[in-house]
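Listed next as structure tokens is one chain, alone, in the form predicted alone.
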Amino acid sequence: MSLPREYSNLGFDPDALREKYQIERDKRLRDDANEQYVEVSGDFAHYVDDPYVEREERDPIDDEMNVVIIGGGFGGLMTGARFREAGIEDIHVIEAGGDFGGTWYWNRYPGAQCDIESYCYLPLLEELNYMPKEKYSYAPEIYEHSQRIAKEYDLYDGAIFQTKVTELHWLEDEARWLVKTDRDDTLRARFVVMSTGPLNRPKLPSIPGIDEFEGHTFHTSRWDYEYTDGDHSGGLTNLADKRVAVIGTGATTIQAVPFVGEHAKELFVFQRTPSSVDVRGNAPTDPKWAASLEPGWQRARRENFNDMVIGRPVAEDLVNDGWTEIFRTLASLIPRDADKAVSPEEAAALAEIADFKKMNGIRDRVDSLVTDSDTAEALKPWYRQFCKRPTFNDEYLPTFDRRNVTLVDTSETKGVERITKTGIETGGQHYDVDCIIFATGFEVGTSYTRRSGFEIHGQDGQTLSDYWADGLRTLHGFSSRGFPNCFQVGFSQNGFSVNLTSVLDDQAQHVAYLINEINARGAKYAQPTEEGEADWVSTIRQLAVANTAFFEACTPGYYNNEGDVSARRGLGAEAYAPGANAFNRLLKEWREEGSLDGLELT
């Protein structure tokens, strides 16, 4: 795409950068794509054990219920809260952990912090009259906020903790869902809401010998403080005589590695693809600013952010951080004169230039913080800004100047080659270690039922796995034909935003509307019509063409299903391309029209 003449003197060569990005992408592509990870079951099931609470024994529950919500993270919390506000009663949340919190119950690794501004990310701030302590909240505060929501909306009453759903069966004669659990519960629910989260099931790399290592191992989502000592704020003193390996360099590693590097005798960080690491610049909340806020400020701020991060013009960038910087740069490139308005093609070209500028700055930052030139070069990300989730940290890069810390670049071998009894082998070298920490993230792109841990049997015995075998089939992302009164909240065929909680909040309110309408219209259940579902799937896929092309050119990762975009299974792969705010406007118009178009009531 050619650029307007006034942008010809950029100080860098866009063609050379495109070629570099392509080379770096291609050398990391693997034929096994998403199959390169092993499921945490069988011999690996202990990686998802709960290290935080003792199992409480109880008798099985045999009962009828109005609503069962599966998952007690922010999706379940928002659904429960908005249902309460809508007058929906008899709500039961089933959660595998020992408390509410989801991600923030499980992820207690040192340094865990939200990468989205807390004033946008922590939901229900106005409703609960709570203001976060800092611009970017740490895990303990977010976990406490989860509990605050549950208490305020009486969600502990009826919560079923330390329990995993094992299967769902639709009972046509009763118009209810039979919900079975690993505690031998038999629950019959009129409505089921699945809120298991897009990133909930830890994954392990399928490295030969992973089951042969004789030292200590754990996954970052179940941090083993008995082994390391310390807590979220650090103090990992038990590592003083330990040689530690961390496999993976995503958002978790960026936050945890500075603490491990501070205490370990030796630390080896095994990296296949470097993350983009920008300035964090956290700061305490300004009480004067907080006092000046007008009612409705959080929704306005969230919507402003949602528009900014997909490049939609706004009058003012309210969040003004690393997420939105690239779009401030883009805005500065587009001429303001009406007679110089750019075409859509020119706008796309300018967006790429803004991206190049941003990522050049990210790479320059590596050089400014890392002394060793080879290490610095290996830490530089060569891809578009949103090919992988950007990270923000002020301590990660300087950690590689510590004498006890070594970066092991595995890009040429497409990952670690082998794990042995005593350590890790890759690139012709063997690294003896006492402990391997898997910072390998969560399953994305595998089947919904594998990630949730249970199968869903709808009308006539149809399973959701089979129904979605060739891709998602939903109406507005919430429900599928053949699975009545069963709703899902999260990332499916709906409005996507990197700020997940804003998406969940609006989805919860919409599902509450649906349930109340089903009841008000005297129906036993509702499900999409064939035509309504087909039309929505067609809409999603027609609008996704540009996004698909973008992610196809990206380095492999969970955003693009490890480089295999044909399967349409990366995070947000089948999202409503115009974004979360546009999706919410569409739903608002749908509700106001009032006919429940595309929905069949029985």
Ligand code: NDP
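Everything quoted here is computed from the prediction, not taken from an experiment. Quick note: we count residues from 1 along the sequence shown, nothing fancier.
Separately, the form predicted together with the named molecule exists; it is not shown, and the next lines address it.
- For the three marked residues, Thr249, Thr273 and Val416, a heavy atom of each sits within 4.5 Å of the named molecule in the predicted complex.
- Of the listed positions (Ser195, Ser480, Asn494, Gln255), a single one reaches within 4.5 angstroms of the named molecule by any non-hydrogen atom in the predicted complex, namely Gln255.
- Scanning Gly261, Gly490, Gly441, Gly322 against the named molecule in the predicted complex with a 4.5 Å heavy atom cut-off leaves one residue, Gly441.
- The named molecule is not drawn, but in the predicted complex it has a heavy atom within 4.5 Å of Lys203.
- Proximity of Leu236 to the named molecule in the predicted complex: non-hydrogen atoms within 4.5 Å are absent; the residue sits far from the partner.
- Although the partner is absent here, Arg389 lies within 4.5 Å of the named molecule in the predicted complex, judged by heavy atoms.
- Residue contact check for Leu125: none of its heavy atoms lie within 4.5 Å of the named molecule in the predicted complex.
- Screening 113-121, 163-171, 360-368, 75-83 for residues having heavy atoms within 4.5 Å of the named molecule in the predicted complex returns a single hit, 113-121.
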